[in-house]
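Before any questions on binding or motion, here is one chain by itself as structure tokens, the form predicted on its own.
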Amino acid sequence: MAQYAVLIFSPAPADPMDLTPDYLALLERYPAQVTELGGRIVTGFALQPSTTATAVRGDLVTDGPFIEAKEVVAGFFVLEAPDLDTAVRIAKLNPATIHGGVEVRPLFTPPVE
């Protein structure tokens, strides 16, 4: 089955400790919804708030995110799904789409020589 990265975007600074009980309840239901659509979450991670980021540009190292933005990457997961259309249907159900959004990207597979 194809694998996709699903990047979770939330309003900055996207502190995972600030999730509401209602949002957490939606997150708890999400894995069952993924399975119902024929997908499987391989692994996933929430990120610390964007205020904890360290940006590296060549030799320059600065505190803070690489780019200042209203929405930041708050986490990601790897999804197995039969195809991109299914991966997008699954991503649309993610609670992050309520106040932020998600980005679905196929994982790179090097060409076979």
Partner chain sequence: MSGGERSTVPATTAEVERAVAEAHRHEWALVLAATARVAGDFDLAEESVQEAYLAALGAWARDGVPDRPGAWLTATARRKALDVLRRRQVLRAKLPLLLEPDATEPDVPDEIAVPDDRPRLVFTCCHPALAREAQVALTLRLVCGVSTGDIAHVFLVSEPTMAARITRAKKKITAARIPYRIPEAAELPERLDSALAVVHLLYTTGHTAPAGGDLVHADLVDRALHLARMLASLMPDEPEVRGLLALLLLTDARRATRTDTDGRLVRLEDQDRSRWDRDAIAEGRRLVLGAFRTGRPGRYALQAAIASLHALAPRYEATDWPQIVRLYDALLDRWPSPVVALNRTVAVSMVDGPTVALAEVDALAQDPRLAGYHYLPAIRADLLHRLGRDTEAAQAYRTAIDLVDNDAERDFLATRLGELTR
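Because the structure is a prediction, the values reported are computed rather than measured. Residue numbers count along the first chain shown, from 1.
This next part talks about the form predicted in complex with its partner chain, which is not shown.
Proximity to its partner chain in the model of the complex, defined as a heavy atom within 4.5 Å, singles out one entry of D63, E28, E68, D83, which is D83. Mapping the unseen interface onto this chain, K92 counts among the residues with a heavy atom inside 4.5 Å of its partner chain in the model of the complex. Stretch-level contact check against its partner chain in the model of the complex with heavy atoms at 4.5 Å: of 28 to 36, 69 to 77, 83 to 91, 44 to 52, the positive one is 83 to 91.
Shown here without its partner chain, the chain has M1, A2, Y4 in 1 to 33 lying with a heavy atom within 4.5 Å of that partner in the model of the complex.
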